[in-house]
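Next up: a single chain in structure tokens, the form predicted on its own.
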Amino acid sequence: MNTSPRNIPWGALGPWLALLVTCLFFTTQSERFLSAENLSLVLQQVMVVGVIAIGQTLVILTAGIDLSCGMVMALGGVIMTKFAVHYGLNPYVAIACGLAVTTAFGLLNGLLVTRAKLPPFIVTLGTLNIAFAITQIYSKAQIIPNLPLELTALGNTFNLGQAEVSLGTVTMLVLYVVAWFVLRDTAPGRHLYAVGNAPEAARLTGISVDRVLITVYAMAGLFYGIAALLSVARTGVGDPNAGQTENLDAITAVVLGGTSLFGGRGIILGTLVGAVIVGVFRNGLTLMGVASVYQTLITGILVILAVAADQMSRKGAR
């Protein structure tokens, strides 16, 4: 099988069609949905999950999964804000410390998967609980307010026509473009796809499978740290209770975006579309007055349908 990211099956088109149908449906249900203000709001609402989902995509492309992403993000946000507010550290140094901690958690996940040969599901389930406990203990379960402007700068907006676009949204889009280029046009990107598709075959061609996996998990941790900064910028506080649903939301975005849970197949821009689909559904249902519990129900159904479609696609490719 060709493992190149340039050769993606129907999953590359499916998410775009799903997004189009979803937008058309909600346009008929609410006249507010298609307004520039509302669409820009959707992007602001998905920017945190969207950036987490970049890291999650990298992991899933290697046939792994990372359940710890939301809690690691929350820990990163608490580190950044507490260092800056309570210890008076330079805000940029505080941000760097937060990114270092989330990257270290990703590195830990990678080492446990490769060196200890533990299943990614079990490893990241464990580090999820560790990150949650550390976050609650270190913050004493208290929100951290009064942040310096440097930590909230990415929450600022600028006018683009009638829409207000946040700097965080721009940051998310730039990160997707960079990730798309790396996965599509560089040797590390091709190696990642090769490892996800057939690790033993990749090893026989001279690719260091363990090195690829460790790098992927560490990079995922870095993306969780960037997402933490975006979360802090959007809310204006360091919140130890953040990230409790972001892991499932990120996995949902990846699956809806057409990336196979079995690894080796998918496209990063599909993940962006998947994140937007989740945001559009929740926004549209809110405009329709649908209770949040039903929004969660529909999201779960979407995930099952996307995984079922992936299964059928794999069987058809054999």
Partner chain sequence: MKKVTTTLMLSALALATSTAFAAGEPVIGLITKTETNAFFVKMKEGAEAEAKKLGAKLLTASGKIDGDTAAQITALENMAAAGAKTILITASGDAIIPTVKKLQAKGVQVIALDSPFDGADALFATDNYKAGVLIGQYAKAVMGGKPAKIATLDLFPGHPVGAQRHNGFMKGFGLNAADAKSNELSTDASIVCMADSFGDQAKGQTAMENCLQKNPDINVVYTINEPAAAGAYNALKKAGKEKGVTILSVDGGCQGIRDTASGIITATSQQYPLKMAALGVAAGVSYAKGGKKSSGYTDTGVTLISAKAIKGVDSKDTKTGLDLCWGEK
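As the structure is a computational prediction, the values presented were derived from the model and not from experiment. Positions refer to the first chain, counted from 1.
Just so you know, the form predicted in complex with the partner chain exists too; it's not on screen, but the next bit is about it.
**Q** Decide yes or no: are Pro119, Thr259 and Ser313 jointly within 4.5 Å of the partner chain in the predicted complex, with each residue judged by its heavy atoms?
**A** No, the candidate spot makes no contact with the partner chain.
**Q** Tell me which of 126-134, 206-214, 185-193, 102-110 has residues with heavy atoms within 4.5 angstroms of the partner chain in the predicted complex?
**A** Going through the listed ranges, the match is 126-134.
**Q** Could you check which residue among Ala141, Val93, Ala153, Val178 gets a heavy atom within 4.5 Å of the partner chain in the predicted complex?
**A** None of the others qualify; the residue that does is Ala141.
**Q** Check whether Gly88 has any heavy atom within 4.5 Å of a heavy atom of the partner chain in the predicted complex, and answer yes or no.
**A** Contact with the partner chain, no.
**Q** Determine whether any heavy atom of Ala63 comes within 4.5 Å of a heavy atom of the partner chain in the predicted complex, and answer yes or no.
**A** Outside the cut-off, so no.
**Q** Taking the shortest heavy atom distance, is Thr28 within 4.5 Å of the partner chain in the predicted complex?
**A** Heavy-atom contact with the partner chain at 4.5 Å: absent for Thr28.
**Q** Check whether Val237 has any heavy atom within 4.5 Å of a heavy atom of the partner chain in the predicted complex, and answer yes or no.
**A** So Val237 counts as contacting the partner chain.
**Q** In sequence order, which positions of 162-179 have a non-hydrogen atom within 4.5 Å of the partner chain in the predicted complex?
**A** Residue within 4.5 Å: Glu164 only.
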